[in-house]
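Quick setup: one chain, the form predicted on its own, written in structure tokens, and binding and motion questions come after.
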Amino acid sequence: MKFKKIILMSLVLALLFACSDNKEFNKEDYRAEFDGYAKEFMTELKSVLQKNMKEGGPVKAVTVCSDTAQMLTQNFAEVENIEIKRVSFKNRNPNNIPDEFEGDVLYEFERLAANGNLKKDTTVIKKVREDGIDKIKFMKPIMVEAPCLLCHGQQTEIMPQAAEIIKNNYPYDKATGYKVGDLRGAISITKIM
């Protein structure tokens, strides 16, 4: 009898542990987690950009976006065990072209912006199944701030040296012509459940 109780308890405990590893999709818990990733990433990126702006102005900042930002993104993703990227329809870097899901969300962000309803804390989060794997996808808009205009504003706002670097590094650049408050793109984060 004792032996049966021990086996039964062992099975119950094993079942509880197995269930506890399979985190259920609680949208608000994931939203808070992913929003934290997005804020931390953007803070790190802004910090690097500001440091380089102080050291060498927009010309040095342009090199951050072409070199340092990609390494920062990759390192951040590895540390947090997520996929993270910046996406935009008006991309500068070809790596920032949105996939189908990201494109659909960007269209929604554009619609909200056109109606005056897009806020910098707007988010979209969704559980999806891709290739038999459950994933959480999250997106948050990137809004243009004044310093962004030095590299992403009207042609008259971009220093000639910075414009030359952009032209040489990104011959198919579409990421100019913005003004403060415009939707620049979005942070896109994916995590396997």
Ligand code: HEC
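So that there is no doubt, residue numbering starts at 1 and follows the sequence shown. Just so we're clear, the structure is a prediction, and the values are computed from it rather than from any experiment.
The protein also exists as the form predicted together with this ligand; that form is not presented, and the subsequent description refers to it.
Although this ligand is omitted here, in the predicted complex all of M53, P147 and Y170 have a heavy atom within 4.5 Å of it. Interface residue remark: Q161 is not counted as part of the site for this ligand in the predicted complex, having no heavy atom within 4.5 Å. Contact check for I142: a heavy atom falls within 4.5 Å of this ligand in the predicted complex. Of the heavy atoms in K46, some are within 4.5 Å of this ligand in the predicted complex. Contact annotation: A69 falls within 4.5 Å of this ligand in the predicted complex, judged by heavy atom distances. Looking at 91-99, 105-113, 76-84, 119-127, the stretch with residues near this ligand in the predicted complex, meaning non-hydrogen atoms within 4.5 angstroms, turns out to be 91-99.
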